[in-house]
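One chain comes next, on its own, written as structure tokens: the form predicted alone.
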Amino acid sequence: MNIGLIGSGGREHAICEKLLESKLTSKIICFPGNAGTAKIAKNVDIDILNFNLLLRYINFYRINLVVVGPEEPLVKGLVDFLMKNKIKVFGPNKFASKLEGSKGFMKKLCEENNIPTAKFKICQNKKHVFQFLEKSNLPLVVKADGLAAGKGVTICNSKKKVLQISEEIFKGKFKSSKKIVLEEFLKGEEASYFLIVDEKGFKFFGTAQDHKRVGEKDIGPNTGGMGAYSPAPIINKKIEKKIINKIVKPTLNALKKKNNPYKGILYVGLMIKQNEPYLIEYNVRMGDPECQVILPRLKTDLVKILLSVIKNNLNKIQIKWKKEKCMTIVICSKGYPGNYKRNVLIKNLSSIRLDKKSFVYHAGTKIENNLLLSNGGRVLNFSSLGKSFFDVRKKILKLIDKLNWKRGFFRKDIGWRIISK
């Protein structure tokens, strides 16, 4: 079958590689893809938010299945649009995608269904902010209500900072929304729990821990993710049971009651505090870079899994995993998450030899005049499988040394909490 893959990041390159392993896959067409997907699929450089144009290309390439990687087309209703046009598509519909598309929607759903999460207030003006400040302790977390490309969350240690960040969002810093969600700061350990869901039920789809902060030992501003590892050791069977019973089931049941059952990948962003899980956020797709550590561990045919969700017979498929651990380190353009240069030459990648357990996933890259150039803040992901996180990290760092890309930077301490234990 011909498969259309929407997106251009490291997540999409990892998905593309996994789709290619399936015997059911004839050809993959990426919209728009990157320099990594260009080697294994056909890239079509179009605006993925122009749904009518996308549909024309889907029909032209006789695509049998569309897989949506990033959140924005999901939140804007691509799944609904394609289903209306009789195209087989994997991902949640527009209503269910509000779990990620609106922090306010997600928080209200938690409130209505007794789902454990941080105390919060949805604010539309300064008056609301002051009301929450009066009865809350610092630090506080300010979140843009809508999508903000991983840059809409700020932890504030002073009232002045809370007011400054809130004002910026009210004035339209992010196109998606001028509302904010203010919430208490939960201290604990973050982890990501993934599920694959159809209308009848769900199955476990991996755990990971991600490093959001730009600096080593998790300091500095938030990014889209500097690296990740899987599985997440903090999620044991006892905590997993709590996640499913207190968070996952109430959410899925609430959406069913609203006549919009969830279908697709559900990413449960958690804070584990004193062995209790609290919901920080939902994502309605694979995480990036979590995808780059979960998919290398997957043994079962990904295409078969996706088709079983579309047909609502996920219960008939057994999902198997490799026992090995996986880690990824993200190489970023200098200046990220602030200002950085694009179109910077990356010289040595083609000369690096990878064994069967190591992978390089392209994120912000492109090919121009047969040259590999940077095309984003997060540029490459070096991932590897192995028996221990310490050995895997050592192996990845050696590969990155061989790349010797002077215009990039990366964190050498990914997995520091678990490795130091």
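So that there is no doubt, residue numbering starts at 1 and follows the sequence shown. Here the structure is a predicted model, which means the values were calculated and not measured.
One more form of this protein exists, namely the form predicted in complex with adenosine monophosphate (AMP); it is left out here, but the text below deals with it.
Undergrad: Look at the stretches 85-93, 337-345, 135-143, 237-245 and give the one with heavy atoms within 4.5 Å of adenosine monophosphate (AMP) in the model of the complex.
TA: Looking at the partner contacts, the answer comes out as 135-143.
Undergrad: Of Ile280, Leu252, Ala232, Ile196, which residue is found within 4.5 angstroms of adenosine monophosphate (AMP) in the model of the complex when only non-hydrogen atoms are counted?
TA: After the contact test, the surviving option is Ile280.
Undergrad: Using a 4.5 Å heavy atom cut-off, which residue among Val75, Ala118, Ile115, Ile305 comes into contact with adenosine monophosphate (AMP) in the model of the complex?
TA: Of the listed residues, the single hit is Ala118.
Undergrad: Please tell me whether any heavy atom belonging to Glu190 falls inside 4.5 Å of a heavy atom of adenosine monophosphate (AMP), as the geometry stands in the model of the complex.
TA: Glu190: yes, in contact with adenosine monophosphate (AMP) in the model of the complex.
Undergrad: Does Glu184 reach adenosine monophosphate (AMP) in the model of the complex if we count a contact as any heavy atom within 4.5 Å?
TA: Contact with adenosine monophosphate (AMP), yes.
Undergrad: How about Lys212 - does it come within 4.5 Å of adenosine monophosphate (AMP) in the model of the complex, if we only consider non-hydrogen atoms?
TA: So Lys212 counts as contacting adenosine monophosphate (AMP).
Undergrad: If we define contact as a non-hydrogen atom of the residue within 4.5 angstroms of the partner, is Ile155 a contact of adenosine monophosphate (AMP) in the model of the complex?
TA: Because a heavy atom of Ile155 falls inside 4.5 Å of adenosine monophosphate (AMP) in the model of the complex, the answer is yes.
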